[in-house]
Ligand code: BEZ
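In structure tokens, the next block holds one chain alone, the form predicted alone.
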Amino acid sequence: MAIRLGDTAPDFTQESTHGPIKFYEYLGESWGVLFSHPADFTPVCTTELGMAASLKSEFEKRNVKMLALSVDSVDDHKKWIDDINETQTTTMNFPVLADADRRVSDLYDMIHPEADNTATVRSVFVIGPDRKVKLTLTYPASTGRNFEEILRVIDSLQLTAGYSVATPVNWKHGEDVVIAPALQDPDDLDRRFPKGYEVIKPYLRTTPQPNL
């Protein structure tokens, strides 16, 4: 069964390049990004893991732990990581699940049986500290992910979780946001948004990012 936004992310225990991973225990109080790869020793996946490793400090700034997955073995993962480090000029610094029995892949509906009944699609799950799924993305095997976009979405998710705002098209950290239409009382608006706000339309009001 497909996992939807707002669902509780399933817990699991699985082997990885960093030893056995108990998912909830691994996340602790952090946010999490769980993302899958069609197979080891594939070109697009190699570039993706290299980029993710190079951005680890950016994820850590946001209290996010990364966890990758492929259905290949730990031994294959470790050999592949040597290639990733060499070709992407980086050092892999987070675990890769070895989901040879497809336990996690099936749990998170990552298998694309019409393409291959063992290969996972490029799934992304962003999970909050409350264990709820905040974002799902699914890419075809031929298209690499944009990890800067994943960071951008996490910025939005973390901001909007704490304030009655939403982020407009192409928003980036530091830019103005929009106020939730449900907020209408002027005194309440002044209290919530002391930096002020601009009324473009009654339903479209912008304000400086409130957590800066």
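Numbers for residues come from their place in the sequence shown, where the first is 1. Given the structure is predicted, the values throughout are model-derived calculations rather than measurements.
One more form of this protein exists, namely the form predicted together with the named molecule; it is left out here, but the text below deals with it.
Taking the partner from elsewhere, residue 156 is found to have every heavy atom lying beyond 4.5 Å of the named molecule in the model of the complex.
Contact annotation: residue 74 falls outside 4.5 Å of the named molecule in the model of the complex, judged by heavy atom distances.
When contacts are judged by a 4.5 Å heavy atom cut-off, residue 122 counts as touching the named molecule in the model of the complex. By the criterion of a heavy atom within 4.5 Å, residue 50 is excluded from the residues contacting the named molecule in the model of the complex. A single residue from the set 42, 164, 54, 30 has any heavy atom within 4.5 angstroms of the named molecule in the model of the complex; that residue is 42.
This chain is drawn without the named molecule; in the model of the complex, the residue among 107, 111, 135, 141 with a heavy atom within 4.5 Å of it is 141. Here the chain stands alone, but in the model of the complex its contact with the named molecule, taken as any heavy atom within 4.5 Å, falls in 42 to 50 among 171 to 179, 147 to 155, 42 to 50, 55 to 63. Residues of 52 to 84 include none with a non-hydrogen atom no more than 4.5 angstroms from the named molecule in the model of the complex.
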